[in-house]
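Next comes just one chain, in structure tokens: the form predicted on its own.
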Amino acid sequence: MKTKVLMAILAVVIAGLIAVPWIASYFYVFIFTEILILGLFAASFNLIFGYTGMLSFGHAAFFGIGSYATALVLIHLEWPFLACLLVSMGASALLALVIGFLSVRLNEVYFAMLTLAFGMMVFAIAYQWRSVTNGSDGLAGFTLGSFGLGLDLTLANPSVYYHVVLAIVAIASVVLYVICRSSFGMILKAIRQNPERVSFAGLNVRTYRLVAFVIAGTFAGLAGGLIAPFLRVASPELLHWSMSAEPILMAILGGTGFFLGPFIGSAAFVLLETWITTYTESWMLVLGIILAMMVIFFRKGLLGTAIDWWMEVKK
């Protein structure tokens, strides 16, 4: 019965997301596009944080590299958009492999600080390598051509691009869900709870952490590849450490113990930011206070708290 209710709710949510361009203004089409992209970004982070127990302060490096890879391919090669996304995932996976190989051997605060250092190194390179990245101005002026696979899609149309993002994020989410529910995902959870016991069982904890780190970086790169055409620019701000704070906050806000938690957190974060900025110029202060209160009083995140409340009602 519980599974049927959840499936029914999920079906209604998916139907509502599909219908957004037909029932909402272009403004909210843009808002929901951003929610989906940042939700995937937060979900990729949650694979290493919520499931593996590794807190990374440099996750934006993969997000930003994905955006730069897409922008560079569109500018210089004019490949189909799908090919650009594959390049962004490959570039981010390679970067994650290098950073992860040097970072996963450390634990807790040392891992967090090392990922922060690598993230800022990547930001500095993008900021100063002006001949490739155009420095602080970022890469702009690229246009979206065909999608690929022989599909005739007008990607410049916000509604069309929204549905493309929705489809890609949905497919990526299913893949991430399968990974999390697999035996590999179960081992990641065990590593989060007690890495020493997993090691005593004969499993190489460092290898599992590295694989999880690379997978998370790959999907963060995919999110970055989607954000560049959406913003019409790939800029160093997407690589900055402050950008790495967003998936952390979204994952915690939605609930790190639940797969859909980061998506709920993304929606709450973006919608609150959007609504508050329409009423006050001190939106950062107001948003900070609201988010702090939500984190304090919703200890399991919005989704976890809602599930607990529902279980109490059912009793």
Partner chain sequence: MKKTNIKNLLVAMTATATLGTASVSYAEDPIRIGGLYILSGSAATYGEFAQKGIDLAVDEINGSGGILGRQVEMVYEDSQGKASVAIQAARKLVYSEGVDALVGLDSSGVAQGMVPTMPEVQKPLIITHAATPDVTGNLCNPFTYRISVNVAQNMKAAALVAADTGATNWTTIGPDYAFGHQSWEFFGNYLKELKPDVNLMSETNFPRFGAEDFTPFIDRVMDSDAEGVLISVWGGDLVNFIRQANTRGFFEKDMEVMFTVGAATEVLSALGEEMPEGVHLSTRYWYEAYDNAVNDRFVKAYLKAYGTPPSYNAEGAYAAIYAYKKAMETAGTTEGPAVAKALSGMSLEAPNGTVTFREGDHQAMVSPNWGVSGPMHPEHGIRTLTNLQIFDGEKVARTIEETGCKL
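These numbers were taken from a predicted model, which means no experiment stands behind them. Positions refer to the first chain, counted from 1.
Below, we refer to the form predicted together with its partner chain, which is not included among the displayed structures.
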property	result
Location of its partner chain contact in the predicted complex, chosen stretch of 248-256, 62-70, 47-55, 28-36 [non-hydrogen atom, 4.5 Å]	28-36
Interface membership of F111, its partner chain in the predicted complex, 4.5 Å heavy atom rule	no
Close approach of T133 to its partner chain in the predicted complex, 4.5 Å, heavy atom	no
4.5 Å heavy atom contact, E78 and its partner chain in the predicted complex	no
Distance check, A140 to its partner chain in the predicted complex, heavy atom within 4.5 Å	yes
Listed residue (L116, L95, V122, V233) with a non-hydrogen atom within 4.5 angstroms of its partner chain in the predicted complex	V233
In the predicted complex, residues of 60-76 near its partner chain [heavy atom within 4.5 Å]	none
